[in-house]
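The chain below stands alone, shown as structure tokens; this is the form predicted alone.
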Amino acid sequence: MMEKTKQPKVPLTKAEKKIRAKAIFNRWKAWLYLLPALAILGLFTVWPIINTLRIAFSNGYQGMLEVNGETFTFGIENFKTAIEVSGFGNALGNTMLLTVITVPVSTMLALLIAVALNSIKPLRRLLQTIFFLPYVTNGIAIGMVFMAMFNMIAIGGKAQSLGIINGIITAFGGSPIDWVGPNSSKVANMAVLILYIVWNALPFKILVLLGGLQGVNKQYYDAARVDGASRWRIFWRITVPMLSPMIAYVVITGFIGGFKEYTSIVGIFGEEMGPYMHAHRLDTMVGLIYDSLNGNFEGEAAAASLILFLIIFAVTMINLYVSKKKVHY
């Protein structure tokens, strides 16, 4: 067999060296441009996640004790303590209840409103702007408005000052209801809270679904009308399947946002997370985490945040699994 002879390396010319150097520089230039963003992302996102994991698995962790030089053993005591806290069951139950009710209701209402907006031409832009306004309004401010709307001040067992909602009820001959006051029931509190969350969630969902509707091929609707299909049948057989990717998106993001609900409750009921001096609290998982932080129990707060993350992750995976079977791309 003939031996392969090695070809001698031809030295690069100056022009070729410049081209190669420029190619290497261009390859690294993109990373240089990304470096500030990556640094900020690592500092304010990646490191807090790593630190949360460290704190969650440090038994009995407290920030002030660590500052004084105390060390903590590795373990899961923070998770046990977080679950055994008296308000954990109430917070988890409230979070689940709010999410399970508000996400389907807001999604269906957003779909109906988006279809209605898409079918009209006069004042469409104005109506879109009106529906989108809550999305760019401060959540705490909206919560205070809702509190004023459902307010009722009673002195000596008689209503002295009524909000708009109770004013409407009394105008039709009904009795005013204590929706958010000290003597209000949890059912009344939940009703106000659910109404607020649904109303506040509509703008984003309407925007996404309306964008999807405007991209649907009109020939499907023309063919269905020629075949004599009813509006209801067109809605279920054409509109919903064609919008299924957008519906899946708003449902998944809705569940994620629902499990992180906190601002709406503070906006209506304040930091007490319920009527003043009331026996029950409308605490949520995020509210429980803030309570632990305010009490300098950072270990329990970190553990509760990881528990919440696992719940959100599990629900998201279930939604993604279901969407693979139901979504039509």
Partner chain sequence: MEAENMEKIEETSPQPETPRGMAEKDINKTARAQLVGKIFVQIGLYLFLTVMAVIVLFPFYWMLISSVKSVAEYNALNPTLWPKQFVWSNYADVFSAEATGIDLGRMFLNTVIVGVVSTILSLIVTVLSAFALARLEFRGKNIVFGAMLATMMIPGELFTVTNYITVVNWLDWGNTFAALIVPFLVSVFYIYLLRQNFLQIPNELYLAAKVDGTSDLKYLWKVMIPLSAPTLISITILKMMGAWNSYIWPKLVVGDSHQLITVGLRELASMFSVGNNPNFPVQMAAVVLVTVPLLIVFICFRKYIMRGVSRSGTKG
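Just so it is clear, the structure is predicted and the values come from calculations on it, not from any experiment. Positions refer to the first chain, counted from 1. Each form is matched to the other, and the largest set of C-alpha atoms that superpose within 1.5 Å is called the rigid core.
The protein also exists as the form predicted together with its partner chain; that form is not presented, and the subsequent description refers to it.
Only one segment in the set 240-248, 77-85, 130-138, 212-220 has residues whose heavy atoms sit within 4.5 Å of its partner chain in the model of the complex; it is 130-138. By the 4.5 Å heavy atom rule, the three marked residues A37, V145 and Y290 all count as contacting its partner chain in the model of the complex.
Its partner chain in the model of the complex comes within 4.5 Å of no heavy atom belonging to Y321. For S119, a non-hydrogen atom is located within 4.5 Å of its partner chain in the model of the complex, even though that partner is not displayed. Of the heavy atoms in R231, some are within 4.5 Å of its partner chain in the model of the complex. The closest non-hydrogen atom of L92 lies beyond 4.5 Å of its partner chain in the model of the complex. Among the residues A191, I177, M149, M96, the one placing a heavy atom within 4.5 Å of its partner chain in the model of the complex is M149. For the stretch 19-44, the set of residues having any non-hydrogen atom within 4.5 angstroms of its partner chain in the model of the complex comprises K29, A30, W31, Y33, L34, P36, A37, L38, I40, L41, L43, F44, in sequence order. Core-superposed comparison between the shown form and the other one: the CA of F309 stays below a 2 Å shift. Residue displacement note: N59 has its CA displaced by under 2 Å between the shown form and the other one (rigid core superposed). After superposing the rigid core, the C-alpha of I318 moves by less than 2 Å between the shown form and the other one.
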